[in-house]
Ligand code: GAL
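In the form predicted alone, a lone chain appears below as structure tokens.
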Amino acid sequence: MKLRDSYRTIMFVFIVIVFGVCINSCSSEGVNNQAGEMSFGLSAVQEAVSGNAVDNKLALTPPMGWNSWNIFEADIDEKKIRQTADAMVDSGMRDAGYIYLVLDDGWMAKSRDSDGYLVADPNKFPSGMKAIGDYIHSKGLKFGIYEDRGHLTCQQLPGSFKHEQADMNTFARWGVDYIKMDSCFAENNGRLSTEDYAIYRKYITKAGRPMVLSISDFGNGAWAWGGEDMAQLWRTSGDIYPWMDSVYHCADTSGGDRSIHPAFNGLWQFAGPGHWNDPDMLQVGNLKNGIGNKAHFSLWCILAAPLMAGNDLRSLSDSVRKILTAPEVIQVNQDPRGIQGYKVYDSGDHEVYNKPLQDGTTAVLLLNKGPKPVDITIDWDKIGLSGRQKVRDLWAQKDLGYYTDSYTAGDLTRHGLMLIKVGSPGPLLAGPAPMSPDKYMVTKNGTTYLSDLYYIWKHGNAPKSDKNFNNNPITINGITYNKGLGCKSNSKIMYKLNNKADRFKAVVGLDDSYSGSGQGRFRVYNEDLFGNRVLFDSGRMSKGSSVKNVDLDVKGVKCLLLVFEGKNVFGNWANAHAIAKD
């Protein structure tokens, strides 16, 4: 298993290094003149929020381009990148909209120069990064590059921690247009993600060159804590792999309930022009069959996901080229209205997504993820239409005629799909109604029970509200609690306090229904896991352990992360509630 995969697995298990570890030796002193930067995180956040990333008018539609990682991993060099730039032009990819050519991890030397600046690996890129950028630009493309906000990249090359200003200035000098910022080792920074990315936003702005910032944080809830104030896109998933289970898993982090409460019906309300959910790069061309490639591409287009190709364009087959450059399918992704598609039907194996478009029509994806052939029907009343409607097949670029009240895609085999446009140009069709803020964040004075809110991010087992994990009353050491969250390890759940709450209180312990000998551990974090801001740690608790009371000052906390760990253990956040004063 390559280092990046091992590291990201460890991150989700999250055997954390003690908060406060500082990696001062990883940078040359004086490069950034950033002494005391650890203490100005809050002001940097405020500065970033006051100048929202959307204001620079970048990425008003999902970015399109190519990234080196999925096909080459760290085995990149000057020849491959120049050949890929040529292929993006010769294949028609550039003219189809793929304009960003992004070098992922592996481009840099093992150490910075004597002045503390990043330099290219002299063996892989003897001409240097400025020359590579110039060549990419000469082809009518934009230059993208990779860094990591930790002290090392995932390949253990120099990270950007403590060099943020120098690195953003360097990238601007090289003509960089797009930055993918990874998160390996970032838990050592001693900064919340909001503090980290606010620093990058500040120095990108000061560098004076418009550069798209792509957050790569393994899907740790940037939509919840304010990613759009710092970046143009953020990952919703872990890494994608070239098989369909991985494709569907990643798609479900953005379009389903894998990473958010089912009531949201996906993350669509957090996306729009200038800020996009990113279920990771494309594996089109790396999958084993054409129908899988087409299903993958259709999902990313309906989800308004960034389209970053990841196959070897130097040996691009005609069939894969036709998928990646399908004009009417790409138009769905690039629609300027910027609505992310959302599910209107989901039976597990069979899904229907809807995406209202700028011209008053709507795009509909009917997809069979199951093993057996099936007919899938979309009723017009589920997409805001009625009566007789025009239907067009976007893959075939062919009008199918007029259909009354519904359309049925017949005999869809496994991974089979139809992507259609329904309706005629005219007034805009209504999009879905966003979730009311009071349903998922603290908005009122007094007491708000977390079990009355929808969680905004989760990893692992979802909690049960006002019940234990087996849907029975919450009982700890013979005492029954009417309110609370019942969990099975491993469970990580985030709730949005919205800087509104003053205190958070709960009673924690293993549920009386648990009869095993295992142990559980409850922890409360400020924001996501990377900040290592542990506000409460129960230590290991066994069946019959005395309950532990949680009573925390949470003033200024935007998101509260509740973590319950163990092995098949049942635990409760009993009576968990936030208190907001006038």
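Numbers follow the displayed sequence, beginning with 1. Predicted model, so just to flag it, every value in this text is computed and none were measured.
There is also a form predicted together with beta-D-galactopyranose (GAL); it is not shown, and the following applies to it.
Under a 4.5 angstroms non-hydrogen atom cutoff, beta-D-galactopyranose (GAL) in the model of the complex lacks residue 342 among its neighbouring residues. Proximity of residue 216 to beta-D-galactopyranose (GAL) in the model of the complex falls within the 4.5 Å heavy atom cutoff. Proximity of residue 163 to beta-D-galactopyranose (GAL) in the model of the complex: non-hydrogen atoms within 4.5 Å are absent; the residue sits far from the partner.
Residue contact with beta-D-galactopyranose (GAL) in the model of the complex: residue 184 places a heavy atom within 4.5 Å of it.
Listed residues 393, 239, 359, 252 were compared with beta-D-galactopyranose (GAL) in the model of the complex; 239 is the one with a heavy atom within 4.5 Å. For the options 146, 100, 200, 223, the residue carrying a heavy atom within 4.5 angstroms of beta-D-galactopyranose (GAL) in the model of the complex is 146. Comparing 176-184, 133-141, 111-119, 378-386 against beta-D-galactopyranose (GAL) in the model of the complex, the single stretch with non-hydrogen atoms within 4.5 angstroms of it is 176-184. Scanning 133-168 for heavy atoms within 4.5 Å of beta-D-galactopyranose (GAL) in the model of the complex gives 146, 154, 155 in sequence order.
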